[in-house]
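Shown next as structure tokens: one chain only, the form predicted alone.
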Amino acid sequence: MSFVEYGDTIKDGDTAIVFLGHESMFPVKVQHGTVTQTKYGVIRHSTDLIGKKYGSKVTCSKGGWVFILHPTPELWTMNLPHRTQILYSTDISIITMMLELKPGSIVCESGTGSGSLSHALIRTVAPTGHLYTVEFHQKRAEKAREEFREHGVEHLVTVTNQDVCKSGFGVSNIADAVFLDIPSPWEAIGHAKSALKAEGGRICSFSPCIEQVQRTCLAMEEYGFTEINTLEILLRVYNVRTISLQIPDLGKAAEDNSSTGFDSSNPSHQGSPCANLQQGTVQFKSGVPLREVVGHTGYLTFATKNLV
């Protein structure tokens, strides 16, 4: 099983996603002889999972059922164990696009954190690209290596445990793009420039505070980066609902209905707009924004390495 290459059947040692609903899912490591408890009952790995196809509908011991999904970076972002604050798909999608990543790209990242963005970057640059990710915290770096190995992508990523602000990324003049998610990104801009390839490249810095953005932009200008711009992604979700609105009294609705030959007693007319006029209301499909929405996550600052 790999987060990059799709596997048809569930195997011992795989990481799978137990899907109970869009708002309820969790990862599980498939192991022979192991059981997983859900609100619908027990899932026995040996008989219910191993050898079954991904996407299968599995019946639990209480009679309820779940789907077993193949892991993807998007599903992993929603289910991974949080060691740090993570980036979600809304920001990840714009990062991969604005950094102009593609299969074969070389990317440097700091810090690794919980590996949410890392998995998406690996999937984007596979099968011939590579991710060099730097994590300051030793235990988080070790855990990231372990997860990459379990997920079958260790050949596409190199994890380094060091301070990127002092020691850089450990590579020079090879990266197509650099991503920074650290408290003081302005201290790593020089190392980022050194890691980028000689003929140019793109850089992105993620910061939650505008003061961090200001200092980072000044450092980018100092090191000769161009096309510096900052943006913020705000996601607003709408629910589609059926709402009833009262029809205003325009005075001659009944006469108009008679003149057009409308027969409200005819069953074929019961669902027509004219029938609703007789009731004084009409129904519409309407998009209604959620009362509570996810607000600010962070600012994304992008820039291009100057070729001069």
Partner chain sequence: MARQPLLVSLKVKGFVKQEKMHKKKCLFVCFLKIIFEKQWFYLDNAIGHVYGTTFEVTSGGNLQPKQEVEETSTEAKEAGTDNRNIVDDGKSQKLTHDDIKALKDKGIKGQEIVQQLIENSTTFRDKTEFAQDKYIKKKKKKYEAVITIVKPSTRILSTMYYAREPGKINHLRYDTLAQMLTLGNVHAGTKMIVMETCAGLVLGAVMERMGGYGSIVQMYPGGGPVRAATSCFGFPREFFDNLHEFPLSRVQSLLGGTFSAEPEEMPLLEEESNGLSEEKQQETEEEPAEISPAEEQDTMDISLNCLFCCSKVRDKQIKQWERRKKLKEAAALLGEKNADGLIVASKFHPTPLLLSLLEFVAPSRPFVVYCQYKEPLLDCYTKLRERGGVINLKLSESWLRNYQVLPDRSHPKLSMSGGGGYLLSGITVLLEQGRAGCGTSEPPKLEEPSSKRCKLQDLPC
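Residue numbers count along the first chain shown, from 1. Just so we're clear, the structure is a prediction, and the values are computed from it rather than from any experiment. We call the rigid core whatever largest set of C-alpha positions still superposes within 1.5 Å between the two forms.
Another form, the form predicted in complex with the partner chain, is not on view; read the next lines as being about it.
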query	finding
In the predicted bound form, segment of 107-115, 142-150, 232-240, 182-190 with a heavy atom within 4.5 Å of the partner chain	232-240
Contact residue in the predicted bound form, chosen from L156, V171, L87, L75 - any heavy atom within 4.5 Å of the partner chain	L75
Heavy atom of M1 within 4.5 Å of the partner chain in the predicted bound form	no
Interface membership of T36, the partner chain in the predicted bound form, 4.5 Å heavy atom rule	no
Exercise: K57 in contact with the partner chain in the predicted bound form, heavy atom 4.5 Å	yes
Touches the partner chain in the predicted bound form: P103 (any heavy atom, 4.5 Å)	yes
Core fit, then S24 C-alpha moves 2 Å or more between the shown form and the other one	no
